[in-house]
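Okay, here we've got a single chain as structure tokens, the form predicted on its own, with questions on binding and movement later.
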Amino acid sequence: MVLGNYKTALSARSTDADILKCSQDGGVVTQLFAYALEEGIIDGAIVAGPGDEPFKPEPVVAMSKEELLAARGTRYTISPNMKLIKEATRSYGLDKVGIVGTPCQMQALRKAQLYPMGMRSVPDKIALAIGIFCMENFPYQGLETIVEDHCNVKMESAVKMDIGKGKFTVYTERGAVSQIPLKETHKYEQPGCHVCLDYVANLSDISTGSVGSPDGWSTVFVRTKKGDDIWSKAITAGCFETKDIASVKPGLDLVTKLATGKIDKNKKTLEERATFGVGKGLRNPYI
């Protein structure tokens, strides 16, 4: 169960060349939201748009394919997408909202739907929730230090960052590639990430990430009835090229290994928190 409940698992990539051009991997999030917008399944999507500083995302409500394209790619620092959820339904007047987020943000979203304190306009407006695989995240200052001090690349020169195969990689506008061992980045991780037990966004309608699939493709878990309905329609519309996840390498074995590793590692943090201090411990957020 480390991968959560899901109806289908597969490897996929967008069939839209414009979307694939600058996407992190298979362009699954951008393609799904673009299709959902075109078909009226959603009125807009809360995504991590470009901010004032390089690779510092700002949540935006994308209401066109152009706005979705501007938000493509992964930024390894948090984009507080949940802060727009109420505004999307009120200021923007959206009745059908799409949102993408990390596993912790999917947990917050479902909690807001179940216990909508101060969010009465939100629960029935969530039309599509897409989760992204996440092992941990960095504060922006930490990311800046990793890129500029460890990788020796100016933030404004970077065009893409990637984590995979035990490396943190930065690609520059001049075509240079700088890599460092991933273990050198661990001290910059957000402390809050160390109590999270979800790698694959179990509570989303559809979750996706690069791990498990070949380069340029994404692994996809279709988890809910709503997600299955939208995914099936997108496939019928020709939005995605797909492969059986059992036929690709490294496949679900690697996803399972990383999901299990995150749980095992972070359970130790939870146990340590329980005895933190004198006569009292820190709360286990899962109890």
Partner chain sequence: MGLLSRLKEIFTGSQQASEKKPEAVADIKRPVTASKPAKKPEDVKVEQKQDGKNKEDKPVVNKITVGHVHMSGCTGCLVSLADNYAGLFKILDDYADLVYCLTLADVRHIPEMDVALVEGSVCLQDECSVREIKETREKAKVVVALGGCAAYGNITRFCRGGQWNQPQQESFVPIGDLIDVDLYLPSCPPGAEAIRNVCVMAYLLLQGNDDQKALAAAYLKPLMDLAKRGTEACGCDLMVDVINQGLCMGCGTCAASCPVRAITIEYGRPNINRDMCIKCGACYAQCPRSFFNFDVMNQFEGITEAIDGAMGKGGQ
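Positions refer to the first chain, counted from 1. Every value quoted in this text rests on a predicted model; they were computed, and no experiment measured them.
Keep in mind that the form predicted in complex with the partner chain is not shown, yet the notes after this line are about it.
Only one of Ile180, Ala176, Val122, Ile163 comes within 4.5 Å of the partner chain in the model of the complex through a heavy atom, and that residue is Val122. Note on the interface: of 218-226, 22-30, 65-73, 245-253, the segment with non-hydrogen atoms within 4.5 angstroms of the partner chain in the model of the complex is 218-226. The partner chain is not drawn, but in the model of the complex it has no heavy atom within 4.5 Å of Thr169. The partner chain in the model of the complex is not approached by Gly93, whose heavy atoms all lie more than 4.5 angstroms from it. Not displayed here, the partner chain is approached by Leu282 to within 4.5 Å at the level of heavy atoms in the model of the complex. The partner chain in the model of the complex comes within 4.5 Å of no heavy atom belonging to Ala127. The partner is not shown here, but in the model of the complex the stretch 100-123 reaches within 4.5 angstroms of the partner chain through a heavy atom at Cys104, Gln105, Gln107, Ala108, Arg110, Lys111, Ala112, Gln113, Leu114, Tyr115, Pro116, Met117, Gly118, Met119, Arg120, Ser121, Val122, Pro123.
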